[in-house]
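The data below hold one chain only, encoded as structure tokens and taken in the form predicted alone.
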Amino acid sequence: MTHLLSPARNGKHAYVRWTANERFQHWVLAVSFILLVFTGFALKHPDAWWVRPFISVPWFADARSLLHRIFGGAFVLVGVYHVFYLLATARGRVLGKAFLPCRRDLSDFMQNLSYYLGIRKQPPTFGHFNYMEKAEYLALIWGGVIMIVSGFMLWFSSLTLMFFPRWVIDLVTVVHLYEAWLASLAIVVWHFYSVIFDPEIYPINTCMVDGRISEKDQREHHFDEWLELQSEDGADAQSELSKQ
């Protein structure tokens, strides 16, 4: 079996969970998303208290729309590159398969629910991705597609009106706005908690910085994958001994 982990160089008892390429994709996505949220809501709520300090900047008021489109372009480009990465690279294809939902995810969810309700004494163990990480990733894809399609329809509204009646623009505006709210809340409430505010993670999950996960964290949070790695390492060692 091909694993997404590899031993970390210059790191004792650690694995590389994210490559430099994947960390680059993550940071471009994160920065473009945050700036899209800021410029988008600044356009929708220009008199909000958090916008006022920036309004005093001479060029900001006129540049909000342009900046929103620039950051939107960066978001689209990293999305297109990510699809290419998943389809055209060996690691990307393994990563994509690891993100796919499977029957076990439902079982893990039920076992985890039972654990939180006190019915089970131990939580379930997970592989490279647990069902929560898969759900968040799929929500990112679905939400990203909605935001990109609706954003382009609003950006090229004249072209949109050549094929659709006026009320479609109004509908797309509402969809774009509320999907932005949903995505923003999901990041703040769900993602930020899991990578920053979770007491077991705080103050931050350093994997997004150096790509590494310690063997302790790997064993605690992705035990099944860790177990497979130990089994394979043991089998490889036994194979080497048999050749001697």
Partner chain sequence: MSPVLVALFLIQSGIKKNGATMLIKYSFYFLAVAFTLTCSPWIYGQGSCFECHDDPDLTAVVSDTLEISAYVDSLIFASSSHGEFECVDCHVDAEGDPHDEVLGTVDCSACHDDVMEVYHASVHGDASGPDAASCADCHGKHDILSASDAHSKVYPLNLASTCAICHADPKIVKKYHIPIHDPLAAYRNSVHGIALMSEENFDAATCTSCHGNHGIYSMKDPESPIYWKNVPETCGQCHGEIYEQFTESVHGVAVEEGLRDAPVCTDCHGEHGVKSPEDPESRVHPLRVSAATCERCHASEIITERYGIAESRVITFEESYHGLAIKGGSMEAANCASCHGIHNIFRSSDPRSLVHVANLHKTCGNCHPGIDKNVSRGAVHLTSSTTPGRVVKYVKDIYILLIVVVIGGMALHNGADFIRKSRRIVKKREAGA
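Positions refer to the first chain, counted from 1. Since this is a predicted model, take the numbers as computed values, not measurements.
The same protein also has a form predicted together with the partner chain, omitted here; what follows describes it.
The stretch that touches the partner chain in the predicted bound form, counting heavy atoms within 4.5 Å, is 151-159, out of 151-159, 86-94, 99-107, 72-80. Although the partner is absent from this view, residue 120 contacts the partner chain in the predicted bound form, with a non-hydrogen atom inside 4.5 angstroms.
In the predicted bound form, the partner chain lies within 4.5 Å of some heavy atom of residue 164. The partner chain in the predicted bound form comes within 4.5 Å of a heavy atom belonging to residue 65.
By the criterion of a heavy atom within 4.5 Å, residue 198 is counted among the residues contacting the partner chain in the predicted bound form. Contact with the partner chain in the predicted bound form holds for none of 31, 38 and 206, as no heavy atom of theirs lies within 4.5 Å. Although the partner chain is not shown here, in the predicted bound form the stretch 183-218 places heavy atoms of 185, 186, 189, 190, 193, 197, 198, 199, 200 within 4.5 Å of it, in sequence order.
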